[in-house]
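As structure tokens, one chain now follows by itself in the form predicted on its own.
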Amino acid sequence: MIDYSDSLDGICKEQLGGFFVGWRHPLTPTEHIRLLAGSSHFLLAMDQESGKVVGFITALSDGLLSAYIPLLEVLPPYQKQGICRELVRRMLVKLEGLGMVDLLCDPPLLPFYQCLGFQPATAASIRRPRPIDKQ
């Protein structure tokens, strides 16, 4: 069974392993906690049995007009179980009063987001290699 939470209370880095699959410079669990804490909004999906975080979504928002969803990830063994859909659904409830909720995705993922109400749009981005954090 999966529980959903918007709190880091009781979350430790050992619960956050295995994310950022395929990233050139994956975040460490310690960096992952910092990323979640620095987001305007986040949600975690947790396996009740193991206590492990198995998915997450983040949003950055001005709190008035717009939000951007930069990250949504579910660990490979937990994919295809509706967890991504539920994370997005719950995040959209959190962002309900905002006029714009944007995200970027690879073309194969567009149908998934369209089923959740997102519409295709033209976008532009700059992607840079992540600098090594010396903290």
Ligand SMILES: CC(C)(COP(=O)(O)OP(=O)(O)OC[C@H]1O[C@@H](n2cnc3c(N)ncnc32)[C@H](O)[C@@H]1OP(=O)(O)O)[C@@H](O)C(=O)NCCC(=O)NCCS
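The numbering used is simple: start at 1 and walk along the sequence shown. Keep in mind that what you see is a predicted model, and the values were worked out from it rather than measured.
Below, we turn to the form predicted in complex with the named molecule, even though it does not appear here.
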| property | result |
| --- | --- |
| Heavy atom of residue 118 within 4.5 Å of the named molecule in the predicted complex | no |
| Residue contact check: residue 79 to the named molecule in the predicted complex, 4.5 Å heavy atom | yes |
| Close approach of residue 100 to the named molecule in the predicted complex, 4.5 Å, heavy atom | no |
| Residue 73: touches the named molecule in the predicted complex, heavy atom cutoff 4.5 angstroms | yes |
| Among 84-92, 44-52, 24-32, 57-65, the region lying within 4.5 Å of the named molecule in the predicted complex by heavy atom distance | 84-92 |
